[in-house]
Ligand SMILES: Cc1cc2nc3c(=O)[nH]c(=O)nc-3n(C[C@H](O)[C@H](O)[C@H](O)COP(=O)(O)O)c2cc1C
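Have a look below at one chain only, the form predicted alone, in structure tokens format.
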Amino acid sequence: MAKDFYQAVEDRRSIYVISDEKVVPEERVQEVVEFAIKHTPYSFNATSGRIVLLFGDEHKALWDLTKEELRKIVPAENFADTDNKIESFKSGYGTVLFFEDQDVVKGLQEQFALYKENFPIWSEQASGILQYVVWTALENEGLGATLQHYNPLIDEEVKQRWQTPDSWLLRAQMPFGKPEAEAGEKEFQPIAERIKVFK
């Protein structure tokens, strides 16, 4: 059952304990991801966002290759915690990979030279919005997710495995699955310290 907008925003949290038990069909996950990428706003309607959606063995392969890349840089005596963390992401049943197409960004820089310096910034802002829309939509479907950033460490392996164009810049990874534990308590800085209102 879909929640109202405010409830979905409030309930979206980082859920680290997930399983591969299906909450909704893979087709439904694909539908909400397609909806998000279609309707997320971009400056100049740039639509530079790109997504690779992984399920099953392909999802697991992402976290296996991430673990192997981390093994190269994390000391062996400290690797147990890293291994546990990666296995927690792998235990879900899918991952959303978020990219920004740099050819689109460069094209806009050439077309609108006056705003040249801004387009990379606007691209990152729009990517953040897309990630948030997908994350909230997944939560609305009863799925738990987190947002991870193992780029640029895994960029080359991802490009080779899933044949993404050179212009696609990996920005984030979002493993998801059935929530198996609640999110921790969240503290909020007083609103009065975070917003000014003038009338």
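Every value quoted in this text rests on a predicted model; they were computed, and no experiment measured them. Position 1 is the first residue in the sequence shown; the rest follow in order.
FYI, the form predicted in complex with the ligand isn't displayed, but the following is about it.
Okay, which stretch from 143-151, 53-61, 157-165, 23-31 lines the ligand in the predicted bound form, with non-hydrogen atoms inside 4.5 Å? Contact criterion met by 143-151 only.
Considering non-hydrogen atoms and a 4.5 Å limit, does the ligand approach Lys178 in the predicted bound form? It does not: once the ligand is placed as it appears in the predicted bound form, Lys178 has no heavy atom within 4.5 Å of it.
Would you check, heavy atoms only and a 4.5 Å threshold, whether Ser14 touches the ligand in the predicted bound form? Ser14: contacts the ligand in the predicted bound form.
Just give me the residues of 162-196, first to last, that have a heavy atom within 4.5 Å of the ligand in the predicted bound form. Residue within 4.5 Å: Lys186 only.
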